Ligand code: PMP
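Single chain ahead, written as structure tokens, the form predicted on its own.
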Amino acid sequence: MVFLNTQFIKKDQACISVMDRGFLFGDGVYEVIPVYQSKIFRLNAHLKRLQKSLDSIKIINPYTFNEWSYILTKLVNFSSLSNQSLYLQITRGCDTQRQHNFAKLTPTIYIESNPLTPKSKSILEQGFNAISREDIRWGRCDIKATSLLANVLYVEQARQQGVEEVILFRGKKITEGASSNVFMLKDDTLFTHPAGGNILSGITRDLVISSAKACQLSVQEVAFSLADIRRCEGLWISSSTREIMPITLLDGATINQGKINQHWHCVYDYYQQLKYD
């Protein structure tokens, strides 16, 4: 079952007009919300970020917090799976003709649930590979917009190269991954790019920062470079589906001799506790 414009219907019966601006222009925003043990994870934080994205592109939020909670909970309960990933998309809606400017329209709302199977700690401990590429995306990456062509092309590059992620840089500074936030560990300090237009500040990113502080790490939201990574003691990426994933090989060069720093274990374990609070 999926949710489309006030109705719960079967996915193969869900249809959206070809005049929807999400289809024509990528004119919309989205959220991905994990569900653990049938409990929606950090719903308030996700809906707060959704509101920020809607405000940024001038779409009026169609529901209150309680209405969103009811809809999402009901959709979760249609599945027998305890761990799920909710995909929620809101577009500006349907117009009568294709035109760049827009009038006040009724937003199109679509939500689906998919199985969520996070990688086990033993799998994550093996480390993963990544490549780096110049960040060619627009200057408002803080908006969780559905127009993700650049990200799609990066992810395809990753698939072709047989790696987990593409880590992006502007000038000489790392911004984030194609679908993740990026952290560097050096001298008992965890570095990550500051929030702003160059990155999407993820909910998981915030929890990694909280977990790092709980593990007595200093945290600095300061941009770092590819050269800094070559000398670091750990490189991690985070997202709602990956959680906290160590990268041990970047552009063919080994990170920290391929070893997982002990601090990762503490941060990972603390994060797991936060999931079920």
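Counting begins at 1, following the sequence as shown. Predicted model only: the values in this text are computed from it and were never measured.
Missing here is the form predicted together with the named molecule; even so, the following discussion is about that form.
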As a check of understanding, the residue in I203, V163, L124, I71 with any heavy atom within 4.5 Å of the named molecule in the predicted bound form should be identified as I203
Interface check vs the named molecule in the predicted bound form: of L190, L88, A178, A130, the one with a heavy atom inside 4.5 Å is A178
Task: Partner contact for K186 in the predicted bound form: the named molecule, 4.5 angstroms, heavy atom - done: no
Margin query: Can you tell me whether T108 touches the named molecule? I mean in the predicted bound form, with a 4.5 angstroms heavy atom cut-off.
Written below: no
| query | Looking at the partner-bound form in the predicted bound form, is S238 within 4.5 Å of the named molecule by any heavy atom? | reply | yes
Contact label in the predicted bound form: Y30 to the named molecule, heavy atom within 4.5 Å: yes
**Message:** Whether R137, K144 and N151 jointly form a contact site for the named molecule in the predicted bound form is the question; each needs a heavy atom within 4.5 Å.
**Reply:** yes
Counting only non-hydrogen atoms, the one stretch of 244-252, 222-230, 60-68, 204-212 within 4.5 angstroms of the named molecule in the predicted bound form is 204-212
